[in-house]
Ligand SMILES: C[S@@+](CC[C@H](N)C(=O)[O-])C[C@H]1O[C@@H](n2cnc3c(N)ncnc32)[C@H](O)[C@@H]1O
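Take a look at this single chain in structure tokens; it is the form predicted alone.
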Amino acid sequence: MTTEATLISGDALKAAALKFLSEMRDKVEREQNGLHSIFDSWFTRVLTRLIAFDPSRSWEDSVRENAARPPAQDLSLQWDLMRLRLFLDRWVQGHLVEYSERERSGVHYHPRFGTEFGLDVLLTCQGAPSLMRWRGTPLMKNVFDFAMYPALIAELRPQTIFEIGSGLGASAVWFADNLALSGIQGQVHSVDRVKVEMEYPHVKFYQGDCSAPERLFDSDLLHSEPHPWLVVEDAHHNVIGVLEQFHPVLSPGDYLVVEDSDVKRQAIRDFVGAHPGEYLVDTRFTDNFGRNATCAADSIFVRTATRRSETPIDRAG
């Protein structure tokens, strides 16, 4: 755990909290018909308590003093303040963030996964002892990604999805169903070492080996399928080779997702390091349910413009 001073604090914390509160209130009225989510209610409740302290002092000092004052010893507010600081520390970074910055700020969280969840949640989020299923077939996705991918597909509206690592085929079918639910006439192309023997509308399965990434998909296919694309790497073999194979054919605004990234961090570092400024982490999807509430920790990337001086794609406007 890094020192406390590296987290947002003092006047910067107060300013960020008030700015977020203003935006949250606008969102509640505009999008939620005045109804508060659990998070909205918690944030409002905590901020109300913090604002009541002496305005000339930092909230950190006031909460620390309040917790030490007998007989109350209100330790719950200490927890609330830390959660507030962690949330606002990443919120002020914006929603498109460099991978290196995500790794730097990850020291406040789980040392391996960079998430605020404990190992107990991570162990069971795919289902335990039985996996989640889609159309009767085990689906190798966790409950957070089960909500994240439909949101990403609905916003991106990909015309093409490439999946590297078919597994049993359930995820490709699930992607196709989510395209259909969003009214998108898209196509899913899924490849694995052993071709899935299944037929499903708008899904094509292929046989290929990541040790020869240039042969995973036909070159004509990669140069003809319509954009935007969603590319999902879930094969765990020759990761950087696969990513480099897709790099020349990805367009600005396409999304590249590297699943199970906790064991692929060096490959991801090498890849984004070779293409500075061209891939940014979209934290709206990595962090919507908490920091890195996804198997693609720090690795839901949007492909930006090809030159660093150009403005990255910002779909939020």
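Residues carry their position along the shown sequence, with the first being 1. Computed from a predicted model, the values in this text were never measured in an experiment.
Not on display, but discussed next: the form predicted together with the ligand.
- prompt: Within 4.5 Å of the ligand in the predicted complex, do 163, 167 and 210 each have at least one heavy atom?
  reply: Per the other structure, all of 163, 167 and 210 touch the ligand.
field: Exercise: residue 133 in contact with the ligand in the predicted complex, heavy atom 4.5 Å
entry: Output for residue 133 is no: heavy atoms all beyond 4.5 Å of the ligand.
Interface membership of residue 80, the ligand in the predicted complex, 4.5 Å heavy atom rule: Close contact is absent here: in the predicted complex, residue 80 is far from the ligand, nothing within 4.5 Å, heavy atoms only.
Residue contact check: residue 192 to the ligand in the predicted complex, 4.5 Å heavy atom: Residue 192: contacts the ligand in the predicted complex.
message: Quick check on residue 234: any heavy atom within 4.5 Å of the ligand in the predicted complex?
response: Residue-level check for residue 234: yes, a contact with the ligand.
- request: Would you mind picking the one in 222, 96, 139, 156 that has a heavy atom within 4.5 Å of the ligand in the predicted complex?
  value: Exactly one residue meets the criterion: 139.
- request: Tell me, please, which stretch of 139 to 147, 80 to 88, 180 to 188, 104 to 112 lies within 4.5 angstroms of the ligand in the predicted complex when heavy atoms are compared?
  value: Contact-bearing stretch, as computed: 139 to 147.
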